[in-house]
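Below you'll find only one chain, the form predicted alone, shown as structure tokens.
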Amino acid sequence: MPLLEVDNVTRRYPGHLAVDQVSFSVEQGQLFALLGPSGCGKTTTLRLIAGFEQPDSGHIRLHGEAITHLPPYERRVNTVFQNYALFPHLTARANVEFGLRHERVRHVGNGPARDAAARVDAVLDLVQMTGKAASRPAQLSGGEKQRIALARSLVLEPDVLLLDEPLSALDPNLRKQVRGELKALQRRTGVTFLMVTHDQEEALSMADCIGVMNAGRLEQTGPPRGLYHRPRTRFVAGFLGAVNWIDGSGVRPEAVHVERDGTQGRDATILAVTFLGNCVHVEAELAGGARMVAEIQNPRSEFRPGDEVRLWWRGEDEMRPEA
């Protein structure tokens, strides 16, 4: 039985259908990503699971039991908000402790206070923030604030941790670092994460399973590699990465081979070459006018605009979405 089930859920606003009959399930211990552009309904779906909004129809179940009717504080889920929502006047430790003040902490050892303190100590250590426990949010970096926000939710021992664009407030270099830390943290704790993001690289690199949303509907779910290489729709193919659409089928730029004296494939003329450090992007025009982009790792020769080349790719690298 899945840990979390979203069953045919719909949410309407005046003049707008935000979530349209969305269904998916999340397994225990998974990191599940809801991926899609702004306005596609992914954050609304997260808020429905959290209990901040109610669906117009459909059901949400946790451990097989309906939670659709429960208020947020009675659901075994917690949310890490995009802006972290830390209390500026409290220390990092006090921010983590805050949720426990409103929860019935089990009586263990020398009493609830001792148990709460032990849980806070453990989770601060888990997110590697013990040394910053006395700092206030204004004294913390963006990555440190995110760790405290995670700790504040994890200390409540939720069945599912909901993360709304958890890395969007970080600069690109820090985002890559924290991405790895967040994934490692999820593996160590074993807590099920459901993450909302518009960043396909973030979803592909972190998630065990991805649900791609578009205009309120869930277009496809599955493991990252399956969605990337075998998308069901043209939207999914294009949102997960660049695609060359040729003769009704698609091929990723990294699957296109460029040869100066090749005999297979199709004649082309190079239009532009862009060096990106770890690869080279080559834009070329096929005989007949169609354009293609190739991404070359470690090219054997240097290409220049105007060069006549041959482009080819394997048949198994072609994608043929249904719509």
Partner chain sequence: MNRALSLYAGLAYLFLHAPLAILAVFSFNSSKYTVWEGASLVWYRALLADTRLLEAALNSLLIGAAATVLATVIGTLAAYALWQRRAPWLEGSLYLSLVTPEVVTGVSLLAFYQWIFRFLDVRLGLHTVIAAHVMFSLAFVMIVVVARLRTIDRTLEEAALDLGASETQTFLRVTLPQLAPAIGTAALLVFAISFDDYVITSLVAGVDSETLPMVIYTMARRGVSPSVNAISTLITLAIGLLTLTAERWRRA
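Not measured: the values here are computed from a predicted model. Rigid core here is just the name for the largest C-alpha set that superposes within 1.5 Å across the two forms. Numbering follows the first chain given and starts at 1.
A second form of this protein, the form predicted together with the partner chain, is not displayed here; the remarks below concern that form.
The chain is drawn here without the partner chain; in the model of the complex, the stretch among 150-158, 191-199, 225-233, 212-220 whose residues come within 4.5 Å of it by any heavy atom is 150-158. Shown alone here, A85 lies within 4.5 Å of the partner chain in the model of the complex, counting heavy atoms only. Remark: T79 counts among the residues lining the partner chain in the model of the complex, judged by a heavy atom distance of 4.5 Å or less.
Although the partner is absent from this view, F52 contacts the partner chain in the model of the complex, with a non-hydrogen atom inside 4.5 angstroms.
In the model of the complex, the partner chain sits beyond 4.5 Å of every heavy atom of G241.
Contact with the partner chain in the model of the complex, defined as a heavy atom within 4.5 Å, is made by none of W245, H257 and P299. Along 1-26, no residue reaches a heavy atom to within 4.5 Å of the partner chain in the model of the complex.
Core-aligned CA deviation for R232 between the shown form and the other one: less than 2 Å. Comparing the forms between the shown form and the other one on their rigid core, the Cα displacement of R175 stays under 2 Å.
Core-superposed comparison between the shown form and the other one: the C-alpha position of P253 differs by less than 2 Å.
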